[in-house]
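One chain comes next, on its own, written out as structure tokens in the form predicted alone.
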């Protein structure tokens, strides 16, 4: 009896110390399960069912048939290639520009006016994405768009924008950079504020050049920010969807028919099994690459 009493007292004391944490964490945990994990589980379950019975109370399970179909679908394979290619380009471009922009904002070049650049950079992040992409669609218009009006005013050739397969990737990349890059800059700025200034001073005393100091002193200290930003960017761009729906509708042709948009189209055409199979493949790919990227960035021999 005394043993049970001691265990009870220990649990009561432990809960008393962490009770406030559990109290505040519980609503978010419940929302994550109900609004996040549960729909994902249902989607994975649907991917193993026949499309015509997927939404019925007693669906017909067809095993991996939907997965076999999508991997034999040339449209899906092309959309997967387009998604991966765009993701690699977008991650590298966004993180590189965000890193050097954060270096510019944290340098001594700016003083009182730094807050203006920070505000202009972060303002798109809190702007509704649909509204922002609608504006970009108008700006890319070949008839009345501001982009070609500016290019024409300074004597440069017109930019085909979203009307040509050769330029549509660059067009949506620019629009997404405008929307997302401020988030990455904020993360980098937070890491820059924690850099060890003594290491920078020592590098200057050794007459280290900019590139050597950047690669040997600054960059290794930015590992936490690089890890967070690279994982977030990887997840964000692999599931690129809103800009496609608003601006390109997968076109021109199939130039921007990314996996998320193709799955959406299949679902809209009542191909529930195939659509959720595509979504599941995309989800599994994101998780594997995100964990792999996290592991790589956490390696002790990382440079």
Partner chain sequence: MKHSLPIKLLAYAAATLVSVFFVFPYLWMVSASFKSTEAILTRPLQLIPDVISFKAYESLAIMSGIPLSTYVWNSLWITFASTIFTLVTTAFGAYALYRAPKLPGFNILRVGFLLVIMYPYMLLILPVYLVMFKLGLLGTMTGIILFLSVGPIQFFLFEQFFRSIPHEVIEAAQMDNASEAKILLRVVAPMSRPVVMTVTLITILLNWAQWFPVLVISRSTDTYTLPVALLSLNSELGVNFQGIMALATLTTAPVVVIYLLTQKYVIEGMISGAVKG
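Residue numbers count along the first chain shown, from 1. None of the values given here were measured: they were computed from a predicted structure. Between two forms, the rigid core is defined as the largest C-alpha subset superposing within 1.5 Å.
Heads up, the form predicted together with the partner chain isn't pictured, but that's what we're talking about next.
Student: If the criterion is a non-hydrogen atom within 4.5 angstroms, does every one of 72, 81 and 84 touch the partner chain in the predicted bound form?
Tutor: Not one of the three qualifies.
Student: Is there a heavy atom of residue 64 no more than 4.5 Å from a heavy atom of the partner chain in the predicted bound form?
Tutor: Heavy-atom contact with the partner chain at 4.5 Å: absent for residue 64.
Student: Taking the partner chain as it sits in the predicted bound form, is residue 161 near enough to touch it, meaning that at least one heavy atom pair lies within 4.5 angstroms?
Tutor: Outside the cut-off, so no.
Student: Could you confirm whether residue 199 comes within 4.5 Å of the partner chain in the predicted bound form, counting heavy atoms only?
Tutor: No, residue 199 stays farther than 4.5 Å from the partner chain in the predicted bound form.
Student: Is there a heavy atom of residue 234 lying 4.5 Å or less from a heavy atom of the partner chain in the predicted bound form?
Tutor: Judged by the heavy-atom cut-off of 4.5 Å, residue 234 is well away from the partner chain in the predicted bound form.
Student: Counting any non-hydrogen atom inside 4.5 Å, which residue from 100, 138, 192, 214 sits next to the partner chain in the predicted bound form?
Tutor: Selected option: 138.
Student: Could you check which residue among 181, 226, 91, 171 gets a heavy atom within 4.5 Å of the partner chain in the predicted bound form?
Tutor: Of 181, 226, 91, 171, the residue with a heavy atom within 4.5 Å of the partner chain in the predicted bound form is 181.
Student: Sort through 163-171, 214-222, 182-190, 72-80 and report the only stretch with a non-hydrogen atom within 4.5 Å of the partner chain in the predicted bound form.
Tutor: Answer to the contact question: 182-190.
Student: For the stretch 113-146, which residues lie within 4.5 Å of the partner chain in the predicted bound form by non-hydrogen atom distance?
Tutor: Heavy-atom contacts to the partner chain in the predicted bound form: 115, 117, 118, 119, 120, 121, 122, 123, 124, 125, 126, 127, 128, 129, 130, 131, 134, 135, 136, 137, 138, 139, 144, 145, 146.
Student: For residue 64, decide whether the Cα shift between this form and the one not shown is 2 Å or greater, given a superposition on the rigid core.
Tutor: No, its C-alpha moves less than 2 Å.
Student: After superposing the rigid core, is the C-alpha displacement of residue 269 2 Å or more between this form and the one not shown?
Tutor: No, residue 269 moves less than 2 Å.
Student: Following rigid core alignment, is the displacement of the residue 284 C-alpha between this form and the one not shown equal to or greater than 2 angstroms?
Tutor: Result for residue 284: no, shift under 2 Å.
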